[in-house]
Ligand SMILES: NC(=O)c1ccc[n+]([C@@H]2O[C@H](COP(=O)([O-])OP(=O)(O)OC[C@H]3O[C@@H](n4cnc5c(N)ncnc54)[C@H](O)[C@@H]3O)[C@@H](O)[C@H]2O)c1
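Take a look at this one chain, the form predicted alone, written out in structure tokens.
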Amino acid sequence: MLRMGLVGLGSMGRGHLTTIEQLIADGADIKLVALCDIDPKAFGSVEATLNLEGMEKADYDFSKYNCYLSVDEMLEKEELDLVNVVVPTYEHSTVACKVLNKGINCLCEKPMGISLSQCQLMIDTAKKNNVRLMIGQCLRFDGTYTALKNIFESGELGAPIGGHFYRGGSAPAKEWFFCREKGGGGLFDQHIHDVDMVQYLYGMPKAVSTVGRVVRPGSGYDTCATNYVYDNLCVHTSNIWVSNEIGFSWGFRADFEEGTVILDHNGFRAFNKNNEKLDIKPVHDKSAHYAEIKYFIDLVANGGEDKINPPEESMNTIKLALAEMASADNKGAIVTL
């Protein structure tokens, strides 16, 4: 049985805790033995603030776990096989490398980091210690986006022509999200999902052109729109963080030579070029976070190649996001990759 630790009990960390407890209840061969957070109040009842279905839990029985206020102490005292790191973005590389340097496999929340040097250090540290590293780009495990990926790989609708991916929602409350050097703003926290999907589905573009707006002084781009330059594709993304509570929305339209796939408020649909609806349905047995954590546990337990979410691709996602930020800094100038 694998022994697991969790670092970070903010809203997302508590969501991960809920998911891990559900995995254990479903028979996963793991034991969650240790939790860590620098705030002692985290080990109590806190109102959940997530907008993720299935992760909205406030109360936990923390007496079941060894609880720590220091990640160094946790790593020193516990014998762990894997650790789930869910700390603020600017701490991802530091905490993940502490875990990896102890010879422990690490699943770290997205985004991988704010700089390419942080990302490369994480990859190098994992390789040096012969352990696994995976970043929580959860859309790669979402049933809807998995169905779209399968269409790309099967070729059943022909070659891709292009696509548009978008998301919009209320900004989080904590101030570090709006510090360009710590959280990267909406571009790095929310938009990063679609950035990851672009390179996952279409491959790395030759260049990007991004326009954006900094709504909160000091933030990264809270709204942005990007064109990705390929030889024979038209791919576009858009993102917006707002200060109201209207809610979260997301979706895509992916066009192929022989049809179109759409996700919007009407759900997921696929059509051929004759506008006939196809019998393609995404599988949503569990949440994307559930599938993501289960996948990582299985990799650690059974070995094998990570064919879905290797850390080198997560680093490419950060490379793309940094290029978008550089383009936005220069009013949409083309930035080559």
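Counting begins at 1, following the sequence as shown. Everything quoted here is computed from the prediction, not taken from an experiment.
Beyond the structure shown, there is the form predicted in complex with the named molecule, which is absent from this document and is the topic of what follows.
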| item | value |
| --- | --- |
| Listed residue that, although the named molecule is not shown, lies within 4.5 Å of it in the predicted bound form (heavy atoms), from Leu263, Cys97, Val86, Ile114 | Val86 |
| Contact assignment for the named molecule in the predicted bound form, among Ser11, Ser327, Asn316, Thr19, heavy atom within 4.5 Å | Ser11 |
| Site test, Ile38, His92 and Gly136 vs the named molecule in the predicted bound form, non-hydrogen atom cutoff 4.5 Å | yes |
| Listed range touching the named molecule, judged in the predicted bound form by heavy atoms within 4.5 Å, from 225 to 233, 153 to 161, 176 to 184, 255 to 263 | 176 to 184 |
| Interface membership of Ile308, the named molecule in the predicted bound form, 4.5 Å heavy atom rule | no |
| 4.5 Å heavy atom contact, Arg140 to the named molecule in the predicted bound form | no |
| Ala42 within 4.5 Å of the named molecule in the predicted bound form, heavy atoms | yes |
| The named molecule contact at Val7 in the predicted bound form, heavy atom, 4.5 Å | yes |
| Residues within stretch 99 to 133 having a non-hydrogen atom within 4.5 Å of the named molecule in the predicted bound form | Glu109, Lys110, Pro111 |
